[in-house]
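Taking the form predicted on its own, here's one chain by itself in structure tokens.
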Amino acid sequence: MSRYKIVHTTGFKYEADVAASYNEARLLPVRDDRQIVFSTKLDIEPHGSSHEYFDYFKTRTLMFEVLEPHRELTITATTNVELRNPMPETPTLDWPSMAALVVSSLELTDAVAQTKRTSPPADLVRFAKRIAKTNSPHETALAVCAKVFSDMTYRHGVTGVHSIATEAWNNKIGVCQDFAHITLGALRAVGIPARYVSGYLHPSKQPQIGETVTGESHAWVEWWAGKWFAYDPTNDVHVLERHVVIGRARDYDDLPPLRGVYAGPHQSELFVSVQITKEG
């Protein structure tokens, strides 16, 4: 087990005062058997009215509005969470059984449908289909993750928040969001339900207790092979005790940490800071 404190500060700086802003924040962690949330707090400056709800994909979402002039909007999410390793399993689900179960489940049907973001490159689809002929769904998913990891180069500043899988794959360069979208597209192309996961990754493979490090939002994938299995194609690792989940959905567009509109003619600049401390 590992326990972390995460302080995620984000918001917008405006060119001049804006009259009002209306926003959604997805910065609150998932509670489940693997992830125990001891405390979570979200502070907004300037203060405004807010409403928390679970969206269609069961992500905790805070909708809020600031109805006074402001030049900067700051949201700080502070979380204390404990992660537990899942018991190791070897999935045995075969392709016919998967196909039959997918058509009977709305959740799985949603997870097998492509989006604009995940529409996959043809050569990667051919690779996935070739692997699927002689391997189980789970084995195929692992092989696709290994392929994406080996062929892609991780680099900031080349792709943006609006990039799609095919563009990143053609350039063989991207960030975790691109790695996840590429992997999702290939898995869905062969009929494996798969979903985008947003959260945090402690950057050190051996985190030291009490040490605060600079982190960032991270993305990985989960696929269904009788149950959901999580994997990080950016780092080619299983998701164990360093990944904290905020939400799961079809792609990044369903899970932006902060999204909003404001009343005013001025430009805005997004800022982000993530600090992670291992506490146990």
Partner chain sequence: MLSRIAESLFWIGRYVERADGTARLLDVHLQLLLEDPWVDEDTACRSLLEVIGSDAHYPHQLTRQELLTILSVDRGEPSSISASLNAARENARRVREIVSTELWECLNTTRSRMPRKVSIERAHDFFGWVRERTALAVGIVESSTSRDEAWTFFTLGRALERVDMTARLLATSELTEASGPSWTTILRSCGAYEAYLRTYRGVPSATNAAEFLLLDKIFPRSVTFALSRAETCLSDLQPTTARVGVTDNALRQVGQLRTNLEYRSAPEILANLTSEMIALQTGVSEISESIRSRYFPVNVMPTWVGEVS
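Positions refer to the first chain, counted from 1. Predicted, not measured: the structure shown is a model, and the values here were computed from it.
One more form of this protein should be noted, the form predicted together with its partner chain, which is absent from this view; the next part is about it.
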{"item": "Among the candidates His162, Lys133, Lys116, Lys172, the residue which, in the predicted complex, approaches its partner chain to within 4.5 Å (heavy atoms)", "value": "His162"}
{"item": "Contact of Tyr252 with its partner chain in the predicted complex (heavy atom, 4.5 Å)", "value": "yes"}
{"item": "Contact flag, Leu270 vs its partner chain in the predicted complex, heavy atom cut 4.5 Å", "value": "yes"}
{"item": "Any non-hydrogen atom of Ala263 within 4.5 angstroms of its partner chain in the predicted complex", "value": "yes"}
{"item": "Stretch 1 to 19 - residues with a heavy atom within 4.5 Å of its partner chain in the predicted complex", "value": "Phe12, Tyr14"}
